[in-house]
Structures are given as structure tokens and as C-alpha cells.
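In the block that follows, a single chain appears as C-alpha cells, in the form predicted alone.
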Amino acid sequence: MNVTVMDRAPEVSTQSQLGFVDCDVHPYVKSGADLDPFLSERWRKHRQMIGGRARQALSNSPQYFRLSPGTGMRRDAWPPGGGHPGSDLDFMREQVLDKFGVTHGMMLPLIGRCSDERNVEFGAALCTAVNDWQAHVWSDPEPRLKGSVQVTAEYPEAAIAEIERRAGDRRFSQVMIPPRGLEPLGRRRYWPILEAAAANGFPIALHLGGTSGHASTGGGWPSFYHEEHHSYVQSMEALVTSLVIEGVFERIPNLRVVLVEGGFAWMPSLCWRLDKHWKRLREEVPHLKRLPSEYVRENIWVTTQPIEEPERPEDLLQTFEWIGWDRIMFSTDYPHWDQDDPRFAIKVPLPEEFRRKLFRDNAMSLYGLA
């Protein structure tokens, strides 16, 4: 459901003149057939005859109506020429890239169920197809858009090969893995994938979601989407804890991780608790040489959408300060219904230096953008 809560005239700001980097843009296909030109004959027939099988019951039906195709999108994002929101490049330019002077947009495709596919060979083929689709359909005609390398975490050999195949290709900016997998991402069996990403200069983008087949909350399956939506934050907390406590950042110190669309106000309290327990239980994890919070502050970045809105706006500034002004990057989440408008998203005045970091400079530095 889309509800207009305010109608304000556009503001002309220093930021709009500078442009900004959007760290969460979702391109979509008009239909699954859009991937067929990038699949081999074998997997094209498989897609058409068998289809995908995600790790959940009723795999071809979303668990919540909010997640169904189209219902989670801005009402005005449907292209005038037809197709799914996010599937028309010219319309995306009109609504986001040109409208706000976006210098670079990080694409995070939520299509194909590549990483969630139970047939890992088909999943790997879908990953390659989605990557080729990003490169040729989006980045080639619009160089401002940068792709995210899709990989199947349950097929490490194929994932590493795909990362190495895209290494050095300026059309790609990061490797994308869903937070909800079969096991926590910090487990050693995933380390070769993380090492390959770091060795090839790719940050890891962890965009909320994924269909692991497990209950989405620690207390079981929720009754309402309201509960499900909140559980995405819990997934991010568990994921950060796994990466830190399993020793991933001690083993791969140059690994950079971006948490996308998972909020961030929870990060200080999580780290306070992890630091407290580490001081008492460090004999259990002798591989951790520093406080957990130190790994988080050095190796993890966050994006703003959906940004928390505390009752006292100044509390948000304190959260920014704790995380670090060089670790926060702006995102719109276009074309979803709850996307953020860069003109109005940050409801607290920011010093110009910090505004530039948040909207542009941090992402430019992390992704090596010129």
C-alpha cells in the first residue's frame, strides 16, 4: 500500500549540486525470459520446464503479500511503457539517476533466486546469467550503474570462479550474498569465497533477505509481516556476530563488508555486549586478538535506508558518531515503496563535511570510483 504523507517542493541544496552515490538500486527483469539469452541451452530449458526451487515451502509463492511482485513497489514506479518497476532504464534515469544527479548507483538485483536455489548448479548458472544481464542490459548503456556479482555460497568452486571472472571489470563493484543462508556466513566453509572477494578487491554486500528454509526469527515463524520485517535486523545482528566471533576478520583483515537495508542503530548496543562478553570469555575465542567492536568499526560499512528515526533527532547523530562518519553510505532502495528521497531522508542537520561523506565520499572511497 502506498500512502502520500507529504507533498513538498524540491529543494535545491549543495548536495544536489554535488551529486551522490546511491548504494541500493534494484533493477528488475520484465519477465524471467529476460535471462534466457544469458543461459546455456541446458539451463534455459531447465528454467522453462522445471523452474526454480528455493529453500522454503511453496517456493514459487512469497511468504507475505508485501513481498509479491509489484506490491512492494512505489505506485508511481510502474514504467509508462509497461513492465515491472525497476525494469525500464529510461524511467529509472528519470525517477532517480537524472532527477537527483546520481553519479554512481550500486545495483543489487533481487531476481533469479540465484543464491537460494536448491539445485546449486542451476543456481550458479543463474548467477552468471544475472551478472551478464547486469553488465550488458544496464551498465553498458548506463555506466553510472555498477553491478553486484551474484554467487551461490553453497557451491564455493562456482562462486570463486564467478568472482575471478568479474575481477577487474569496472562494471562490477562488489559481491552480493544474502544474509539468510543455510549456515552463518562466518563458518569456515564460506571462507574461500570471502577470501576470493577480498583478494580481487571486492567488498561483500549483504542485502537483507534470502530464503534459508529456517524460521526467520529465533522464536520460530512469525504471524505477521510486521514481525518478519523487523526480523531482517535480527538477521544482520546474527551475521555480524558470526563474522566477528568466528574470526573472519582476523583471518581476512582486508575483507570489507557492506550491510544493506538492515538499519544500523542496533550496532552500538550489539558491540557493547560483544565487548563485555569477550573480556569474560576470551579463553573460548583465543583467535580474536582485539575487541569485537574494533573489527566492526574497521571492516563493516552500513547504508542508510531504512534509516532509524529516534524521538530525539540528536540521538541519530550520536549513533553516526559511534559507527564512524566514514562508514555510513546513503541509499534510496529504489523502486520499493519505502525508498528514501535524498532531499528529505536525513531529518537532522549535518555539517557539510559529514554530509559529503555520507552522500558521496565514503562510497567513492570504498568502491574506488573515479
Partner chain sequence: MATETPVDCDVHPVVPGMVALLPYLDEMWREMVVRRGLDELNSISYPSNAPLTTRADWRDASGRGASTPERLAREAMAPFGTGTAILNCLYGVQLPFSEDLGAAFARAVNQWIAHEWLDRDERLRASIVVAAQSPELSVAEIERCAADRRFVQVLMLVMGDQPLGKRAYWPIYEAAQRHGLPIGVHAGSSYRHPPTPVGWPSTHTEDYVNQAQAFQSALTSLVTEGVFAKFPRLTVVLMESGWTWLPAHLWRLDKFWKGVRMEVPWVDRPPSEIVRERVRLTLQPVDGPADPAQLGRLLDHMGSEEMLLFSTDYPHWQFDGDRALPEGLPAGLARKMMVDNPRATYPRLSV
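Positions refer to the first chain, counted from 1. Being a predicted model, the structure only gives us computed values, none of them experimental.
As for the form predicted together with the partner chain, it is not shown, yet the points below apply to it.
Is Pro37 part of the interface with the partner chain in the predicted complex - any heavy atom within 4.5 Å?
Judged by the heavy-atom cut-off of 4.5 Å, Pro37 is well away from the partner chain in the predicted complex.
Would you check, heavy atoms only and a 4.5 Å threshold, whether His104 touches the partner chain in the predicted complex?
Flag for His104 set to no.
Would Pro222 count as touching the partner chain in the predicted complex under a 4.5 Å heavy atom rule?
It does: once the partner chain is placed as it appears in the predicted complex, Pro222 has a heavy atom within 4.5 Å of it.
Pro310 versus the partner chain, in the predicted complex: is there a non-hydrogen atom within 4.5 Å?
Taking the distances in the predicted complex, the answer for Pro310 is yes, it comes within 4.5 Å of the partner chain.
Could you tell me which stretch in 139 to 147, 95 to 103, 282 to 290, 120 to 128 has residues with non-hydrogen atoms within 4.5 Å of the partner chain in the predicted complex?
Result of the contact check: 282 to 290.
Report yes if all three of Ser212, His229 and Pro306 come within 4.5 Å of the partner chain in the predicted complex by some heavy atom, otherwise no.
Yes, the whole trio is in contact, each within 4.5 Å by some heavy atom.
Just give me the single entry in Pro179, Pro203, Gly112, Pro79 that has a non-hydrogen atom within 4.5 angstroms of the partner chain in the predicted complex.
Exactly one listed residue reaches within 4.5 Å, namely Pro179.
Considering Ile300, Met73, Ala198, Leu239, which brings a non-hydrogen atom within 4.5 Å of the partner chain in the predicted complex?
In short, Leu239.
Could you list the residues in 231 to 267 that come within 4.5 Å of the partner chain in the predicted complex, counting only heavy atoms and keeping sequence order?
Heavy-atom contacts within 4.5 Å come from Ser231, Val233, Gln234, Ser235, Glu237, Ala238, Leu239, Thr241, Ser242, Ile245, Glu246, Gly262, Gly263, Ala265, Trp266.
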